Ligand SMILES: Nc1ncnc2c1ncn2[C@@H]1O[C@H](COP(=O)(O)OP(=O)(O)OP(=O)(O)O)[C@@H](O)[C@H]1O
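Encoded as structure tokens, the following chain is the form predicted alone, with no partner shown.
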Amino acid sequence: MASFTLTTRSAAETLALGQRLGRRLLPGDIICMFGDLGSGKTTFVRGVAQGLGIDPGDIHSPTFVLLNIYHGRLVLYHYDFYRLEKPDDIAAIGYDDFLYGEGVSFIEWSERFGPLIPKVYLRTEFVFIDETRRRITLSAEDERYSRMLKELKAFSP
């Protein structure tokens, strides 16, 4: 398993890391995000959007609609499972209709997947340290995401 942890010292650094990831994404990529409210997940997705050629100002937390769709170099599916309580709720919304298609999927509150979590994904964990700093850990078990992490590891905020 490949992983690395870094601490970003500002929203701009979290955006920059997301942008670097966004430039490397391919159709069908799945990024499962874990972290409390305010830990930087949506800011990170704004950076990814920028890396995909999407205006980061268009990105909003999909908390009340479960899924937002944005069009750029690849389609960005931005899920938020915060309001879903159990895996059966997730299955009922048809989440997998988009996961393995031509776009990339970012899923906030992935811990709600339970046994439905995809077998292959890039794991990103966000920890709120203080008003400006976030600790972000990215990890992968498969070869493609592991190579991506090696490229991203060169990132130094």
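From a predicted model like this one, the values you see are computed outputs, not experimental measurements. Note that residue numbering begins at 1 and tracks the sequence as displayed.
The same protein also has a form predicted together with the ligand, omitted here; what follows describes it.
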From the candidate stretches 101 to 109, 116 to 124, 23 to 31, 51 to 59, select the single one in contact with the ligand in the predicted complex, where contact means a heavy atom within 4.5 Å. 101 to 109
Contact test in the predicted complex: Ala11 vs the ligand, heavy atoms, 4.5 Å: yes
Using heavy atoms and a 4.5 Å limit, would one call Leu37 a contact residue for the ligand in the predicted complex? yes
